[in-house]
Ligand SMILES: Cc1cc2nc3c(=O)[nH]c(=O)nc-3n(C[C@H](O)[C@H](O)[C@H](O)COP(=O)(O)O)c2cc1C
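First, one chain by itself: the form predicted on its own, in structure tokens.
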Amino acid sequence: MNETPNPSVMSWHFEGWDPANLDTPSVQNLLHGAVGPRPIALASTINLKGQVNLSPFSFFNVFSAKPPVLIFSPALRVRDGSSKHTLLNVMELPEVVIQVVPFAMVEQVSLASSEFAEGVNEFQKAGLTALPSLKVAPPRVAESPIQMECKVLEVKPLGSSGGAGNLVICEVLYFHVAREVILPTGSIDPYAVDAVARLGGDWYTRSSMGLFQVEKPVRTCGIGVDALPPWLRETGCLDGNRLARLGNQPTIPNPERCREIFKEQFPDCSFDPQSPEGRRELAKAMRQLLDQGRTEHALALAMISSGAAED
């Protein structure tokens, strides 16, 4: 079946690679550039000699709330396949403290990622302050606003050659959260945390710069983009994000409400809303309404444009 191309979809021109035909650094560069931004786990560990290690890992995320489980992955060194000190430590003493990395300490954390010799204390090298933990042996990083004391449930190797990850599966035993980053609602303020995340190469991103929200469809099921008038989807007058915003609405306004909104937006209307000229005017108004957060109004105009709001 031939389909008419959607003008709202960007026309990409692709190159392709089979990872089996690439060396490990090339695969790593592709992954780092493609999967991001990635949150950073600043992991503090300790071995049975009492030597402390501190190192950041961007192969990291949260995977469960009951029990609260985090996973980070110290990969084997690409150059020689050797294990990083963090991995060796959690194999000896299965405990770790995972810290969030705010912008204020990002360069110290980068310094801590240096390949210091075994036994070198990265807290001291990076100029960070160690605090005693309550439930585990490794210390916490005082400069981080969020610290999570964890026990290691399992270490799952993903391979034996350089670049292979090792999933360190951790259960959070205790949260330390700075009062300064807690909102009156009890949730954590992302602006106050000012967390950084990794991209490819030397690139980072900062959560307090350019934050935006996308309403998550948790309690309702949207009408879907396929419920919108075909002309709206086919002409490319609204981009994919704006179309999805309309499709995320739980219901279509009734005909009376659609007519009411139309008259409100165009009190002296002199065009046919179902004509090409009229639809262009409606699309322009819909873009403005969507950018103002008035999604119901924009959806009502879409329904007017197709005649769906007629009794």
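Counting begins at 1, following the sequence as shown. Because the structure is a prediction, the values reported are computed rather than measured.
There is another form of the same protein, the form predicted in complex with the ligand; it is not shown, and what comes next is about it.
The contact with the ligand in the model of the complex, taken as any heavy atom within 4.5 Å, belongs to S114 out of N241, T129, S161, S114. Of the residues given (S110, S207, T235, N121), S110 alone sits with a heavy atom within 4.5 Å of the ligand in the model of the complex. When the ligand is considered in the model of the complex, F262 lies well away from it, no heavy atom lying within 4.5 Å.
By the criterion of a heavy atom within 4.5 Å, R140 is excluded from the residues contacting the ligand in the model of the complex.
In the model of the complex, the ligand sits within 4.5 Å of a heavy atom belonging to S55. A residue is said to contact a partner when one of its heavy atoms sits within 4.5 Å of a partner heavy atom; K84 meets this definition for the ligand in the model of the complex.
Taken together, W231, R287 and H297 are entirely out of contact with the ligand in the model of the complex: none brings a heavy atom within 4.5 Å. Heavy atoms within 4.5 Å of the ligand in the model of the complex are found in exactly one of 180-188, 68-76, 152-160, 130-138, that being 68-76. Interface residues of 188-203, taken as those with a heavy atom within 4.5 Å of the ligand in the model of the complex (partner not displayed), are limited to R198.
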